[in-house]
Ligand code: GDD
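Take a look at this one chain, the form predicted alone, written out in structure tokens.
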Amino acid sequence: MWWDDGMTEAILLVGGQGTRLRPLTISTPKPMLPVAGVPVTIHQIERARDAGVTRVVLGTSYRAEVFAERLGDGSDLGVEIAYAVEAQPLGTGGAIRNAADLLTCGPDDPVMVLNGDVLSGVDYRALLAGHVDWGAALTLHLTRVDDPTAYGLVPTGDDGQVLAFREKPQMPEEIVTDQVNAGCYVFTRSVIDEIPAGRPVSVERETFPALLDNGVLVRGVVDDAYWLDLGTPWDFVKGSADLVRGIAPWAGHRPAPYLLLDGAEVSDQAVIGHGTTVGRGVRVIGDAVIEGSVLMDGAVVEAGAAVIDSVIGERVRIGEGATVVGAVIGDDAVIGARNELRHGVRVWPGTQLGETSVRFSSDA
């Protein structure tokens, strides 16, 4: 049994293309984007490891080689890593089933499954232990949200047993709970093996409802710990800032108003705060103001510029006196002096904007 041999396995789903995060994901898979200087995948692996997980199977697809190049066999992170590559997109359930071919545990053992684009403070160890104690087929982490209309709803009984899985509500009367699927599960291994192999499968629309129809125990654990889906650039920025400031859990990190990575050079006149991450080799010149943003490696922000709530890609140059608010700037772009980019502007990699261009846009 899993608690006797000390081996606990997890599947980490990292195959999505991250289209909502473009242009950041043109060359880098979403789960490998640096959040507070560290790829999301590494944040998740480290938290799983600290909860007792010793082996992780990464379910990859888009730019799969990037994961292996950065993470290797997992020894640097204190776990064993295996890679399951999808030849074609298989959906959430299909990806889990594909990754299961590389699991080594027995049919009655628990397997943790994590979505690759979520920051969460839920207690993984308690989820695993509770799953085994209850003898559940499936345990889901549920979180409460203010506006559940964008999510699938998961009502539970007083004992925590899941009563139904409801698609995104279309009418107010269809909102039967504020509890939603938080993208963290514990499966009994045999349940994963019953998912059809070799074809697309949605766990939300097919696997989970089928378990209820078959009368097996599906347990929901409602937890109000930190939780954030990093699906959009603005949530990406927020998640990074929350890690830096200690709002989101990060073992061993000392909360601070900003984070300077190795080789960053910041002028004494610059103003930096609100959880900003200043990447490796970044230069912030003169009286620039940087708040609540991510400056990736090698970027340059010149004097008098303001960068607020934005993501600045690698080797980007922000010109003197430019204003960038709520924007995403792709790698190697140049934003000329005195430009104003606001309200969800996205600048593609390598773009060069001349001086004093003014661009306003809504996020698309």
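Computed from a predicted structure; not experimentally measured. Numbering starts at 1 and runs along the sequence shown.
Form predicted together with the ligand: not shown, discussed below.
> Thinking of the ligand in the predicted bound form, which stretch from 255-263, 72-80, 104-112, 226-234 has heavy atoms inside 4.5 Å of it?
Of the stretches listed, the one contacting the partner is 226-234.
> Tell me, which of Gly183, Gly292, Gly160, Gly281 has a heavy atom within 4.5 angstroms of the ligand in the predicted bound form?
It is Gly183.
> Identify which of Glu204, Asp287, Glu174, Asp193 has a heavy atom within 4.5 Å of the ligand in the predicted bound form; exactly one of them does.
Checking each option against the ligand in the predicted bound form, the one that comes within 4.5 Å is Glu204.
> Taking Leu13, Gly59 and Pro89 together, does each of them reach the ligand in the predicted bound form with some heavy atom inside 4.5 Å?
Every residue of the spot touches the ligand in the predicted bound form.
> Residue-level contact is defined here as any heavy atom of the residue lying within 4.5 Å of the ligand in the predicted bound form; does Val118 satisfy this criterion?
Answer yes; at least one heavy atom of Val118 falls within 4.5 Å of the ligand in the predicted bound form.
> Determine whether any heavy atom of Glu167 comes within 4.5 Å of a heavy atom of the ligand in the predicted bound form, and answer yes or no.
It does: once the ligand is placed as it appears in the predicted bound form, Glu167 has a heavy atom within 4.5 Å of it.
> Answer for Tyr151 alone: is it within 4.5 Å of the ligand in the predicted bound form, judged on heavy atom distances?
Residue-level check for Tyr151: yes, a contact with the ligand.
> Heavy atoms within 4.5 Å of the ligand in the predicted bound form: does Arg342 have any?
Close contact is absent here: in the predicted bound form, Arg342 is far from the ligand, nothing within 4.5 Å, heavy atoms only.
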